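Next up is one chain by itself, shown in structure tokens, the form predicted alone.
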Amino acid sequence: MSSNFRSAEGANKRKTYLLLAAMGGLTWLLAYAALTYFGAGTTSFIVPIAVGISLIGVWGSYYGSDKLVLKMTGAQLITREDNPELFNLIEEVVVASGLPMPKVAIVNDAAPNAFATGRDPEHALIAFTTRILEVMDRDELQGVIAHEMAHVANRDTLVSAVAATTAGAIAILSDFMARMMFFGGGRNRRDGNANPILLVISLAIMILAPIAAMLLRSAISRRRESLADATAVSFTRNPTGLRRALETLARDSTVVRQQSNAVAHIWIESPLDGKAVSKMFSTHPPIEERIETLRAMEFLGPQQ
């Protein structure tokens, strides 16, 4: 475990970059496998199509992420007059972080949770369920706000869009390859020009690449959650508040009504936690692990 928030931030950023690089490498490996199996003439047009389809879908959602998430979660925008205490607390974190004031929304839900979205700090939105505002005290809520503002500061919506685009391109490319194999097979295989062992390896890569992409995308999401925890502490200098907030979430077994895979990764506590989801595919680190990391920061103290 990291001894302070600075080292935790640095470690999580480095791991994110490595995971993103691994996704890029996986894309290259899949393209190479396709070229080996089908030949350059057959596949030269498929890679741009796969990337193009992914870009249109994911980046369209990225630019309208705040409106899209509001609709999917049922969140309603509020003003200062609706909850001046909450706005005052958010403004404290805004001052500490140097970020613009985000839009604020409320989700009418019996489960304590919160999320942030928006393509950049100037278009950010943070939302809270009605329950989280009821069960958390000032320090805990400040920790939650700092965590969500950390997602904004770290541009995690952008990172998620890059990961989703790459994973989507890999999935589409693999699907094209599978259909081509079903309807006609590979040119190199038919001509007998390629090494049969290399063809088998290429086929295995095309089958396994989408699963590997999903694993990498989930790993990137977990890294960004850990990074947001560390960045939150850099804003508040108070790991205890966020640690206690996560303990409150861990004690509560209720989950938000909106449990779609499309938005599960944006909540501070995944609504899919506790279900039959492998840790390898989880978008969040185990909440107990996050609590222990913050407890270690408390014990050692944040270093400047």
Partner chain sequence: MEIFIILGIIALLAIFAIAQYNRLIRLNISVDEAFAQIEVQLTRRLDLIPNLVETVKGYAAHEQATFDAVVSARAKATSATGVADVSAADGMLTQALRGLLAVAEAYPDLKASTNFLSLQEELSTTENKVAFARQFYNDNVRALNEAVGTIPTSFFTGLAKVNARDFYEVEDPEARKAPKVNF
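Numbering follows the first chain given and starts at 1. Computed from a prediction, not measured in an experiment: that's the story for all the values here.
The protein also exists as the form predicted in complex with the partner chain; that form is not presented, and the subsequent description refers to it.
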Residues in which of 114-122, 94-102, 163-171, 209-217 have heavy atoms within 4.5 Å of the partner chain in the model of the complex?
94-102
Taking heavy atoms only, is Thr130 within 4.5 angstroms of the partner chain in the model of the complex?
no
Would Thr27 sit within 4.5 Å of the partner chain in the model of the complex, counting heavy atoms only?
no
Any chance Gln76 has a heavy atom within 4.5 Å of the partner chain in the model of the complex?
no
Glu81: heavy atom within 4.5 Å of the partner chain in the model of the complex?
no
By the heavy atom within 4.5 Å rule, which residue out of Thr248, Thr36, Ser65, Thr236 makes contact with the partner chain in the model of the complex?
Thr236
Quick one: name the residues from 124-147 with any non-hydrogen atom within 4.5 angstroms of the partner chain in the model of the complex.
Arg138, Asp139, Gln142
